[in-house]
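As structure tokens, one chain now follows by itself in the form predicted alone.
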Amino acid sequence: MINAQKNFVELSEQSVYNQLIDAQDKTLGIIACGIAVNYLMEHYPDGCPHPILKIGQYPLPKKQLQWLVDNCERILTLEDGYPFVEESLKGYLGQGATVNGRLDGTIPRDGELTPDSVGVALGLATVSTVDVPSVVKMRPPTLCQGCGHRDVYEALNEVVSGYDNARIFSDIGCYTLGALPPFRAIHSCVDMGASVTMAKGAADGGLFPSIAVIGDSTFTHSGITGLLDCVNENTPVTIVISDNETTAMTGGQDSSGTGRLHAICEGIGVDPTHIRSFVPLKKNREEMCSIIREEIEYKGVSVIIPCRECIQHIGKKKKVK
């Protein structure tokens, strides 16, 4: 195993995806991973004056890293998300190297890496780099007009307003926009599948009502196992699988559960009488609220499947025709 790891490191050192570019100003050496390379070069369109190690293959190429540390006064790590490379360097190269990045606040610890945050870390920009004219108004992302998720959230909000401690746990998808105005309908979004498991944990802790909202694609990706846990323990939760018959957030790919969500839920043990469906339209508002209210009051696992095709998906199909 030790020999295998050594071989992996050697392959990484020889890889065309790990590229060391020398430069004259060695007061700083930069490690840039993935999209961070693009953000970096936005500030140096004519070429970066500092040595750069572009990393695109792992494990980390120790030979190139060591060269950077030996030849540069300090190291700046640019990586999106978790500071994996920066943390690895602490043990990888010993305590002699001065390494800046997310861990010491040179790059903000939270949020995505951006060209602006890279510019600040390089000392080329301030935190606010763009003067926005007062005529420009903020336009936060919002659900499309005509989206079925809108009607689902409006009905949910109407029903849960009658409960003191209702909590709605959501998931990864375009329906996550239900957290924003005008709906403000969800209280959490952590990762794919967490809506169901967080609702279960809250219900197990005594919260009522405990509701999960998950999309059809996310449900087949990561939500089924959580629902199975609910079934095994007959947890009093209401799971809303908002079905728009496609994987809308990432381009309209086919959804694995299209036409089969009812069968999947029944197959893992949900009582068929508590697998309910409706078409989320304003004209069906009374029916929608009635079904949601009935299933919230059921002291067991209930699944509600609002189903209406994504408005964008319909438009794309019309264009194809």
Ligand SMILES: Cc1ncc(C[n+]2csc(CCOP(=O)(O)OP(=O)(O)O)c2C)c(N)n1
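On a predicted model such as this, the values are computed, not experimentally measured, just so you know. Just count from 1 along the sequence shown to find any residue number.
Just so it is clear, the following notes concern the form predicted together with the named molecule, a form of the same protein that is not shown.
Asks: Would you kindly say which of V120, V231, C174, A179 lies with a heavy atom within 4.5 Å of the named molecule in the predicted complex?
Replies: Selected residue: C174.
Asks: Identify, from the list I224, M249, A125, V160, the residue with a heavy atom within 4.5 Å of the named molecule in the predicted complex.
Replies: By the 4.5 Å criterion, the partner-contacting residue is M249.
Asks: Is it the case in the predicted complex that S210, R276 and S302 each bring at least one heavy atom within 4.5 Å of the named molecule?
Replies: Answer is no for this spot.
Asks: Can you tell me which of 165-173, 179-187, 199-207, 100-108 lies within 4.5 Å of the named molecule in the predicted complex, counting heavy atoms only?
Replies: Contact criterion met by 165-173 only.
Asks: Is the gap between N244 and the named molecule in the predicted complex 4.5 Å or less for some heavy atom pair?
Replies: The answer is yes: N244 has a heavy atom within 4.5 Å of the named molecule.
Asks: If we define contact as a non-hydrogen atom of the residue within 4.5 angstroms of the partner, is D151 a contact of the named molecule in the predicted complex?
Replies: Contact check for D151: no, nothing within 4.5 Å of the named molecule in the predicted complex.
Asks: For T218, is any heavy atom within 4.5 Å of the named molecule in the predicted complex, or not?
Replies: It does: once the named molecule is placed as it appears in the predicted complex, T218 has a heavy atom within 4.5 Å of it.
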